[in-house]
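A single chain comes next, written as structure tokens; it is the form predicted alone.
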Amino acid sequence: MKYTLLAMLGIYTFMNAGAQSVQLQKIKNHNHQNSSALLKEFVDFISIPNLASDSTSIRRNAFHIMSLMNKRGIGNVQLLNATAKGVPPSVYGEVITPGAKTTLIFYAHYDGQPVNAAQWAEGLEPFTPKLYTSAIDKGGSPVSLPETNAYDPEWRLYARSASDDKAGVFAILQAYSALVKSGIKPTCNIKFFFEGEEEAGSQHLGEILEKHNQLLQSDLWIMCDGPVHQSGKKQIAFGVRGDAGLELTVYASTRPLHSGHYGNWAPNPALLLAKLLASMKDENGRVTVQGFYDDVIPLTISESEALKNVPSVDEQMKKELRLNSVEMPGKSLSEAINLPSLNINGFQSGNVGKLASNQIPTYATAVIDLRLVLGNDWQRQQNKVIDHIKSQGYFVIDHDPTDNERIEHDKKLIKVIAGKFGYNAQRTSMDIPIVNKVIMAVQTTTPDKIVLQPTMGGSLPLYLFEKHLKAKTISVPIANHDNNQHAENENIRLKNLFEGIETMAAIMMIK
């Protein structure tokens, strides 16, 4: 594969770079000549709150996307709804090109992660977008949206979903608009699919895909979500990790106790839970849960070769994140994300800081997430962790404990809530001809060799597309790697936004 793919890539780039570069330059010129209006349009979009559970706001987002699509002349614009009421709809549209032999569907999601406004930097609010001269943690300062079409590509827009994933929605729509306004006809049929429930677990996506199976047929899905490679190079990922979650709560006394009067006597739930969590990983970061890695499907020869060619960014990221060591010594970041993982997302017990008091708390709670690779089943992986907890002597319940349960099981009592919705990992073969065409198209947009990743670190419900549509999917992310997705101070670098538009447009021109 290495010889075939690289040889084809070189030949294609040589033969098509001239013609494609002329078209891409037209697109680049159009976007920059209209950048002020585009940024204002994007700001209006990311100003709409978009938590999936907020049905009123999420439908505002859906209708807003429909208006953006209608404005751009996209046809058959409609909402694809699940049966249950209040479920975020998916937004669909299409552009059918006469004589085209290829159909691509472009995917992004418009819902976002929950926000804690108190954690955002001073002067920032999650749904009041603000433009800064650079990253805030690198000394960036506020700047007004440009009234002219002049802007600095290093400027950053701060808002929830500015990168994950409204940047993807906007880049896809504007890519098509730029083609049309530049007098360039797409060479393939283009379909648009924007999901509104991805950050909430895509609980109803399978139903929507099944219900609209014929409408959503294609040769390939292009998923625009996630960041470019940490080196700054564009990347294409052929798979994503799956995801599942667990919430663990250890109980002790029924009321908080004075740590002087009862310390050394009353069990401390925070310590108990910390020890339990520590039992799940060894000093080299390997998960010690029995069978955790047993069903992993190894990378193919092609995927292993691609992984070897991924640029190393370990030293760069250690310096950037002020880390002296990594969790799995001897494994690169790229190697680590191709393994299943167990992560502690949060731990809560008692109070800290100004609210700290000398007490033994009544309970301790932790949330963990399980990232899966091909071969893992999300529910089976959850059960492996629960079996590990039982092997540590804990009595597992799924409800708040009764008095009798507290007395009978004392300090080995734990409530485990397994997330009801998760999804498995998915991976698409690197050797499919249409995939090579996309690789070649993206390569024409940059002088740097693009990065080919067997698996992206993040999770998307791509296995559902494979299950319900028998679809092939690849991910072409555009956001900057330091975008703070899922956290406070989320942002998109303008260079990434505008280059992302060009990337999507290049893909729309494949034959």
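Numbering starts at 1 and runs along the sequence shown. Computed from a predicted structure; not experimentally measured.
Same protein, other form: the form predicted in complex with a further copy of the same chain, not shown, and the subject of what follows.
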| property | result |
| --- | --- |
| is_contact(G346, a further copy of the same chain) in the predicted bound form, heavy atom dist at most 4.5 Å | yes |
| Contact flag, F421 vs a further copy of the same chain in the predicted bound form, heavy atom cut 4.5 Å | no |
| Contact of T444 with a further copy of the same chain in the predicted bound form (heavy atom, 4.5 Å) | no |
| Proximity of P49 to a further copy of the same chain in the predicted bound form, heavy atoms at 4.5 Å | no |
| Joint contact, V115, D243 and V367 to a further copy of the same chain in the predicted bound form, by non-hydrogen atom at 4.5 Å | yes |
| Of G93, P89, P129, P340, the one that lies within 4.5 Å of a further copy of the same chain in the predicted bound form (heavy atoms) | P340 |
| The single option of D294, E283, D400, E147 touching a further copy of the same chain in the predicted bound form, heavy atom within 4.5 Å | E283 |
| Partner-proximal stretch of 95-103, 79-87, 373-381, 235-243 relative to a further copy of the same chain in the predicted bound form, 4.5 angstroms, heavy atom | 235-243 |
| Contacts with a further copy of the same chain in the predicted bound form - residues in 467-499 whose heavy atoms fall within 4.5 Å | H481, D482, N484, Q485, H486, A487, E488 |
